[in-house]
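The chain that follows stands alone, in the form predicted on its own, written as structure tokens.
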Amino acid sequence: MNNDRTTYFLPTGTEEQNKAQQNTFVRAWKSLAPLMLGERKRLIITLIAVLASTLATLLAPVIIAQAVDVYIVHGNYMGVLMDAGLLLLMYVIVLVAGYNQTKNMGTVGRSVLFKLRNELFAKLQELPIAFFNQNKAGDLISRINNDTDKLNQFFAQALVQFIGNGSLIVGAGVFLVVLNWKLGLAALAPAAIVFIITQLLSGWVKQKSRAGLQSLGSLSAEIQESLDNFKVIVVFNRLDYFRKKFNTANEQNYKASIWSGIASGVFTPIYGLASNLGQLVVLCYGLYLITTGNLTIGLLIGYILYVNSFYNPLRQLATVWSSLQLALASLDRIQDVLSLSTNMPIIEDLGKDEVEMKNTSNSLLPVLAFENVSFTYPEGKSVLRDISFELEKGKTYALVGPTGGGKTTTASLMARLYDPTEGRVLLQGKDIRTYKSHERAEKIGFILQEPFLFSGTVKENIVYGNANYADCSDDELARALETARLSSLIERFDGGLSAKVSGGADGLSLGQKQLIAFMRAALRKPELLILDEATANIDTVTEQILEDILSHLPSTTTKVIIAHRLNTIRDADQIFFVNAGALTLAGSMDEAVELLMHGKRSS
């Protein structure tokens, strides 16, 4: 029984959600630290390089001040040359350190990007079907590609600047105060104002950055959805509808990206003004101190250089800070996915079913059973209510009913694409939730209404997910297909097993796609085979071939057929009518037809 009606709708980046996610530094570090465990050596080298670069930059003004006050004033040009040599050495250290920073952090960024994308994709594979039904593929692709790339850019470029400029600002600030605390406090006053403004605007910047990323995801989703359904759009001559929807999404992205751009650049002029004010204050106050004999010319020059060493990095931090907010917004969107957990876990077998199985002969044990099963979608739509039935080995069952009556939902519960809201599903006498995914896939075959194929060859699609034929040759597979009476279907493809299948299989008819899906399922020889409108798009001759193949499956294979065409279920051992939350056993084909006609009229 699954009472967890988890909804998997991802946040859309509204203001309320962003307010709840302001303090993300600690959470960001906790999320990213495990991804950097293997990068300790590069991080240490980068930190040493940052400290060396900072120290060399901070020593340069001292050397210049000394050259002016000690050597130039007294005409000691040899001392000037010595200081020039020291300055050259400092600049070489800065150059080498900067190269090491860029090289190592670039590698760290790519490593984090690689691991983060793997972790994100692995999380997507853990989540249930409901997650993908509730979220658009384009937005998920944007989170995997665009959002992770924003984090990579921050690690590869902005993080080094953030740490380097931050240490340089702290060092320059200390020198300013130590050399002359009055002049230092005056020089740092504009920075204090900027700090307050930054604190006030950071939340707004992050909010706009997240909104920009969200709008980009929505635009990607709209493009992906429109291109997937482009044939339908052309057939109904609704290119105007396509353009209208795209223009709406594009306009929303345009407006969001403008505000995101404004937010990204809002700090640059503010920090630039603070830098100019700082230099102006030092120059005016410094000249006054020189006239009073409390400051030398060389020290004033050094002081101005320290002000530049303080405010120039601060000005660069304006861009870096916006990049940080964008990275944090990206991390929020990534964490939206990583923080999810499936509401369909594998549970431990409590042993009760095992006892029941031991007391029951294998021949009498049903392949699958529903015990008081009810199911309601997260949106609140009730589909099944208190359903109980059993499927016996080797028999053929049919599910009929009006469109939307619950046939496919019933089949999905059989294959555990969903868990019941109430009750439980038993597979060979055990709760289906106790089976691991690969165990369940070996026992249950499912041919969907819209089969999906992967890019590759017909052979690769047939053996997909089948460990018994994963490494087989074409000849071995051909013999296996012939034994299973499936070889005649290969002749329907130009090139046979080597026929190419493009992404989405656009070069194949829907009937050909269903043939491949049929072969893929039948070759596994599952104990339960579910066919959801498997012959809906296949010609009569091919349908007869498939019926012959079905009849030659192992005698223990239980078949469940969902069909609207009654001739496809005429030979079923039992027919169930599914509609309005109920499942009714139809005594005969005529009764099934009557129930179906009545259900259509009532719906």
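One rule holds for the numbers: they count along the sequence shown, beginning at 1. On a predicted model such as this, the values are computed, not experimentally measured, just so you know.
There is also a form predicted together with a small molecule; it is not shown, and the following applies to it.
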Check: Do heavy atoms from each of Leu368, Ser388 and Arg433 fall within 4.5 Å of the small molecule in the model of the complex?
Finding: no
Checklist line | 4.5 angstroms heavy atom contact with the small molecule in the model of the complex for His438 | finding: no
Item checked: Contact flag, Val383 vs the small molecule in the model of the complex, heavy atom cut 4.5 Å -> yes
Check: Should Gly272 be classed as touching the small molecule in the model of the complex when contacts are defined as heavy atoms within 4.5 Å?
Finding: no
Checklist line | Contact of Lys407 with the small molecule in the model of the complex (heavy atom, 4.5 Å) | finding: yes
Checklist line | Contacting member of Phe493, Tyr285, Tyr418, Tyr71, with respect to the small molecule in the model of the complex [4.5 Å, heavy atom] | finding: Tyr418
Next item on the list: Would you mind picking the one in Gln449, Ser487, Thr102, Asn294 that has a heavy atom within 4.5 Å of the small molecule in the model of the complex?
Entry: Gln449
Margin query: Counting any heavy atom within 4.5 Å as contact, can you tell me which stretch out of 210 to 218, 395 to 403, 285 to 293, 518 to 526 lines the small molecule in the model of the complex?
Written below: 395 to 403
